[in-house]
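Before any questions on binding or motion, here is one chain by itself as structure tokens, the form predicted alone.
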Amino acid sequence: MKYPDLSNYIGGKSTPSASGKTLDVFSPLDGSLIAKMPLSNASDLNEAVVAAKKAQPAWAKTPIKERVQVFFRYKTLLEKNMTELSKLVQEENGKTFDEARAEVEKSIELTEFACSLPQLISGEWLEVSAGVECRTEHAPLGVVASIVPFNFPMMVPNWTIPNAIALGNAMILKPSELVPLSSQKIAALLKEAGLPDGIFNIVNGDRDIVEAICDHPDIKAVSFVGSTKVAKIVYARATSTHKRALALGGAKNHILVLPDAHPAMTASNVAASMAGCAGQRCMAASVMVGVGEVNHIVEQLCDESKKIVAGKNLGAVISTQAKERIERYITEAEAEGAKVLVDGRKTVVAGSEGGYYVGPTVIDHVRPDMNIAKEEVFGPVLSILRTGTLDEALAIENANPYGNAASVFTQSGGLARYVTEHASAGMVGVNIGVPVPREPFSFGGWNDSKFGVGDITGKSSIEFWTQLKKTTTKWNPDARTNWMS
């Protein structure tokens, strides 16, 4: 194995799991065994909670302008270790190096936002009556937890870590059991940046740890990113124990392409959205709805898709099980009458024959009732549906249960506005294949793509990771009084 056996990270040091059980970690690039991680149990989680609960009060009393100095240093360390971090993400997730580097760069942007928090939570003050003052302040919750997925082992943890900790909380991170290595490096960099021991902890494991986090009485808030099926379970279980919860689920993102769309720009953007990160992102384009005559754009889209080559500018999917599942969707759609224009099945990369690769796949004449049109495939696969009118296309988009993203490609400002007003999605794009907001704008979908109130990043996250304290003060007994005082 390339890496030594992993441990949990509790109270500022590596801590073996009490369970003694481990799980193998494989690189999707070539299928090689690269590490073993612990399958922790509830006692491991409790040890982390005890450490976090002990450290958090002193951290909360530290002024926020001092707390964020840790993240100024952390940002510098992310920049300094850019290449190492990118290679690590690539190795454990299967991304291309450029995609992994972009993930680290996004982590830096997220950290920059956290450094601005002192300017965003300064609170309010008002003399509400003669001699009577009211003010507000954001108080931390205490010990919080973040459960993160495999598809962005560096970025998604940094959706929550900088903000939650800068706001005065102590955090327990539960990484995906498929990609546990990047989180260990995050812990090392935070320690090097001067974060006090116990404020950030890692507990590795599987479903048992997720359930233990939801049930633990001393964890006050839980964020989750993963599939909709599990997001619903986590949200229901966490809130049943009176926690705050914000659970982000899956997606089925639609791109509406109108006949007047710029052909080259549309084709390149849709292909990149479909195949970027091997389609393993909740903002990927998985359905293109062609409105009217768009054959000329579909032809260019196929040409662009053929330029995306596994092992070069297309990474691997996360596991052999994922590869098999994605290819089943393609085969089923073909059997039901859809036409495969670009076929990524049975893709093998020379020199990495053990890797888990699916080539870019474009499937035309998909019907809305097909599974591939309704369910999250989570691979580099684009289904093309055909409609005669824009309203028919919007009806298809609105009917899907998810609501992360929707985009329209057109040169008409009026039609673009019509789509942005009527699409049922939390993030909408115009001539953009992946409409992810940049900081300080927040990330979050609608419908079955999100459970809970608020968004996970940006200004909206402040309300999730803090509670509002209101203080009313009167010092002058001689002040003129009225009914308010």
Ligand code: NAD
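The numbering used is simple: start at 1 and walk along the sequence shown. In this text the structure is predicted, and so the values were computed from the model without any measurement.
Keep in mind the form predicted in complex with the named molecule is missing from the figure; the text below concerns it.
Out of F200, F113, Y357, F378, which one falls within 4.5 Å of the named molecule in the predicted bound form, going by heavy atoms?
-> Filtering the options by heavy-atom distance leaves F378.
Find the only residue in L141, L78, V362, I147 having a heavy atom within 4.5 Å of the named molecule in the predicted bound form.
-> Among L141, L78, V362, I147, a heavy atom within 4.5 Å of the named molecule in the predicted bound form occurs only for I147.
Counting only heavy atoms and a 4.5 Å cut-off, does the named molecule in the predicted bound form sit next to every one of W159, V230 and G249?
-> Affirmative, all three are within 4.5 Å.
Pick from 381-389, 119-127, 219-227, 185-193: which stretch has a heavy atom within 4.5 Å of the named molecule in the predicted bound form?
-> Looking at the other structure, the answer is 219-227.
K95: heavy atom within 4.5 Å of the named molecule in the predicted bound form?
-> No, K95 is distant from the partner.
Please check if N404 has a heavy atom lying within 4.5 Å of any heavy atom of the named molecule in the predicted bound form.
-> Contact check for N404: yes, within 4.5 Å of the named molecule in the predicted bound form.
Is there a heavy atom of C282 lying 4.5 Å or less from a heavy atom of the named molecule in the predicted bound form?
-> Yes.
In the predicted bound form, F443 touching the named molecule (heavy atom, 4.5 Å) | Result yes; F443 sits at the interface with the named molecule in the predicted bound form.
Could you run down 159-193 and flag each residue that has a heavy atom within 4.5 Å of the named molecule in the predicted bound form?
-> W159, K174, P175, S176, E177, in sequence order.
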